[in-house]
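What follows is one chain in structure tokens, specifically the form predicted on its own.
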């Protein structure tokens, strides 16, 4: 009797052990350096989603998620090292940093390893096009954001634009898409200027804009910290009162702490916590888990990323095989994230998801709108 019971217990233990699965996700993200203000909040939200899933028994109640983290230090060379180490650790999915440039540097590695890689928040539509079948984005594309903001501006009667961009990264060329759309709508670009990342002084550019007569209705840039605050201060100091339009890179606490200088700045981003929305629910969860309010949408974007991976594993029948997960991601439709519904089916790896237009009002977020872009207006990706 004792022998039979012992055998039964051992058999049950073996079955339980065999059925327990782990999905290894590798993170090659910026926990230090210039990209850290974006990747750090993304990873915070990502970990909340992982903790929530694992506490419920894992994906499908049986697949626990194990995170393997590498700090790529906002550096291309370190990204290559980190991703190779994650491949060697036999992860099933790799999370890449919030910028297309270091992400593009490792596409050959992930393609050869046949491991799906998703950037935390890179928005260049060229990323999956150049990166190949195993590379995905997790954010509204630059060309889509520009279409939304340019269409809104034109509808407000803002028809002349000055464009400021940097050729240093894919992301900071977003204003070129804005220029394409504003001109397609019947508006004009009255001036264009470039800057270098980390440029210490924007006074000469601001003076150039101030000298334009009449002043442009819009000044559009995708500059982010520390460049955007420096440029905005120089612009207002030069007496330019044009409507400033930015993009998701300024969805940060800094923008909302600029006081009068930052007032009425408008930018596009991945979501807004309207009453009863999934983002409002996430923000409540974030506060419960961390004890503080979420001050950027990038927390929720990290949560979204895990919801996409969860949906892909479920769609793949519970498989943790990297090829199966990649194929499932490519066919996902209407995955409910914290920021919006997310669809990859029918795309080249750039998700279809909602874009929100936000205005800085009294140091707080004011929702301007969440319009769908006119498909025919969306510019083709700029292959640099």
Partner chain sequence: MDLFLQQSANAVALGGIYALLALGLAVVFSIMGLINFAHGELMTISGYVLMYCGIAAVPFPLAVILAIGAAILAAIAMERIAFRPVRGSSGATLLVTSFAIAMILQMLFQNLISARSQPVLLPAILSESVTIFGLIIGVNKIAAIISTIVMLIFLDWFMTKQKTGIAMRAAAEDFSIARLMGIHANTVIAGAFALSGLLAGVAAVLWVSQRASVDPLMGFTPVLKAFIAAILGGLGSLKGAVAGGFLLAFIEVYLSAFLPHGMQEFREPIGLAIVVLVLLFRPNGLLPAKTLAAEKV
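Positions refer to the first chain, counted from 1. All values reported here derive from a predicted model rather than from experimental measurement.
The following text describes the form predicted in complex with the partner chain, which does not appear among the structures shown.
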### Message
For the interface check, one of 326-334, 37-45, 346-354, 55-63 should have non-hydrogen atoms within 4.5 Å of the partner chain in the model of the complex; which one?
### Response
37-45
### Summary
Contact with the partner chain in the model of the complex, heavy atom within 4.5 Å, among 169, 107, 252, 294 goes to 252
### Task
Tell me, out of 243, 156, 199, 274, which residue has a non-hydrogen atom within 4.5 angstroms of the partner chain in the model of the complex.
199
### Task
Examine residue 298 and determine whether its closest non-hydrogen atom to the partner chain in the model of the complex is within 4.5 angstroms.
yes
### Task
Classify residue 77 as contacting or not contacting the partner chain in the model of the complex by the rule of any non-hydrogen atom within 4.5 angstroms, answering yes or no.
no
### Query
If you check in the model of the complex, is residue 132 within 4.5 Å of the partner chain, heavy atoms only?
no
### Query
Should residue 194 be classed as touching the partner chain in the model of the complex when contacts are defined as heavy atoms within 4.5 Å?
yes
### Check all three, 184, 189 and 221, heavy atom within 4.5 Å of the partner chain in the model of the complex
no
### Summary
Near the partner chain in the model of the complex, with a heavy atom at 4.5 Å or closer, the residues from 238-262 are 238, 251, 252, 253, 254, 257, 258, 260, 261
